[in-house]
Ligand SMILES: Nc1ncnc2c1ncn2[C@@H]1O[C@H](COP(=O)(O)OP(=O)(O)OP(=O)(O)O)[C@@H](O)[C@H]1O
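Read the single chain below, which is given as structure tokens and is the form predicted on its own.
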């Protein structure tokens, strides 16, 4: 249930709070969080603040440190140095209090195989000391929402991967947490199931803080008010989708559709010094300009061409991601 006031801080964290006072509208804070595994540094002096009631996405390549950060924030792991707070509580010292207030969807489908779908949800509700009358109604709502009502008395091993994933999400929501951590929640879901999860996330926006990691950049762009990109254990940038796209430098990309002779004009464009890249598919030529001022030169070079359209291609979050983290494939 959403609360308007953060719980009192633990006495052992008071000294830190005097140095870095918590803002009333801040749900998550990481200050110089570092995590080392021997010679490997998974998080390197990582700083982050997430406002209450927002849908926030953390993006990064494989091995960037996203899951390590979530494990620290959800009290499953302690940092080597630095401190983190969730709802005003210190993750290293007040784990029990934090776990009462958060919901977690891990990457793996960590369901109890010897309990039915409904029993999995009932167990989680009872662990959170929910009253039977309340959790029975809540379970009915979630089973219906995620399309599992007809299979609620079956065991998870009889479910498809997508159905298991939906059950994991439902389990994390059963106690209506203040902060919901979603570590790649829609991995393995079909488009319909993914959209159902998106719709539910939108419906609860504002009632809880949602912290999301995902490899689906469209997911982050569609759902999240603020997006952070990290790599090699460090925060690279943070902002809205529009703010991140505005950071891209260089020219623009245009799509030019020809009535005919597309190959001929594409070759002329390819020889221009201001053209940084060119692709052709059927009668559509996609041309990347080094500077947006080059468009006038392109139009001049197309004199005599019969054009159907020239349109500016909107920059994407994927372009931002690749420009900041590189094109190399990560293990």
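Just so we're clear, the structure is a prediction, and the values are computed from it rather than from any experiment. Positions refer to the first chain, counted from 1.
Here the subject shifts to the form predicted together with this ligand, a form of this protein not shown in this document.
Enquirer: Each of 42, 66 and 107 having a non-hydrogen atom within 4.5 Å of this ligand in the model of the complex: is that the case here?
Expert: Looking in the model of the complex, the three residues 42, 66 and 107 all sit within 4.5 Å of this ligand (heavy atoms).
Enquirer: Is residue 37 a contact residue for this ligand in the model of the complex, using a 4.5 Å heavy atom cut-off?
Expert: Contact check for residue 37: yes, within 4.5 Å of this ligand in the model of the complex.
Enquirer: Wondering, does residue 62 line up within 4.5 Å of this ligand in the model of the complex on heavy atoms?
Expert: Although this ligand is absent here, residue 62 would touch it in the model of the complex, with heavy atoms inside 4.5 Å.
Enquirer: Would you please decide whether residue 184 lies within 4.5 angstroms of this ligand in the model of the complex, comparing each non-hydrogen atom pair?
Expert: Residue 184 belongs to the contact set for this ligand.
Enquirer: Going by a heavy atom distance of 4.5 Å, is residue 215 a contact of this ligand in the model of the complex?
Expert: Judged by the heavy-atom cut-off of 4.5 Å, residue 215 is in contact with this ligand in the model of the complex.
Enquirer: When this ligand is placed as it is in the model of the complex, which of 283-291, 297-305, 269-277, 54-62 ends up with heavy atoms within 4.5 Å of it?
Expert: Comparing against this ligand in the model of the complex, the contact stretch is 54-62.
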